[in-house]
Ligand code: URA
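Okay, here we've got a single chain as structure tokens, the form predicted on its own, with questions on binding and movement later.
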Amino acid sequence: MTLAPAENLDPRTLLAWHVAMGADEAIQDDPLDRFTAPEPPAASTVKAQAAPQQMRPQSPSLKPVAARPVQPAEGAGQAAAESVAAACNSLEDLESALKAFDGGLLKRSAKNTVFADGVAGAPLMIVGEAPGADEDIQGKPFVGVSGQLLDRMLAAAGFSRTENTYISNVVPWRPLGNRTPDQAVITMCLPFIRRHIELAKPKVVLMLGGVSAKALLNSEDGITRLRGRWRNIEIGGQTFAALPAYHPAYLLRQPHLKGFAWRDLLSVREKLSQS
């Protein structure tokens, strides 16, 4: 397959691709070659540079600019996250703390901190993996194509984010290119989502996708082995019934697995009816 040159692509398509890859800011009109050595200065330029400092006119508008401190790419880390999350006594406190937390390069490359959506304190809490492009723009979890599928699935089972469902993610910032979050990021964000569950106090936690299930269950098994099996999550002296399930984005790629997702939702409904 022969790819069309970039100059022949539709400008909107090319711009959308650059934004999706994280290149959403232009610094200069023309590219700067930082690898080729500069040409040696002319003799006249060298003489001018060697002239006494007092001979050069100084502009009164120029001010020295102090260098900004280097920000760590990896963020504040797990220990800081545990301390900050433990100090939060309400969901409002937790959201404010998460927005102020140093999430490293991942947070600085995202447009929004995606905290939660739905009814806080609802009996069902859904925990996904990380925001996508639509979620990053709107600042809410599961609002893109996979979120629309999730809403239809929930409605069929008698659930709704406007009535009896609360939704969040393990990682609150969108990874560039919608990549799977790396383990260091998941480990740093885990204290926040655990405290989130503890404060929301749901009766059932539905974990969507392998990232969510493996992080909250501390398991190395994949989602295919984990899904459909009830587990317990212990947080702060509380026990939460938890069920791993396929992520809606995965179901869009593997529609023949939707039957398993439906069984999991029916299992959630049955569990809630018994509580």
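On a predicted model such as this, the values are computed, not experimentally measured, just so you know. Numbering starts at 1 and runs along the sequence shown.
As for the form predicted together with uracil, it is not shown, yet the points below apply to it.
The partner is not drawn, yet in the model of the complex one stretch among 139 to 147, 152 to 160, 74 to 82, 193 to 201 has residues with heavy atoms inside 4.5 Å of uracil: 139 to 147. Just one of 125, 189, 98, 130 comes within 4.5 Å of uracil in the model of the complex, counting any heavy atom, and that one is 130.
When contacts are judged by a 4.5 Å heavy atom cut-off, residue 247 counts as touching uracil in the model of the complex.
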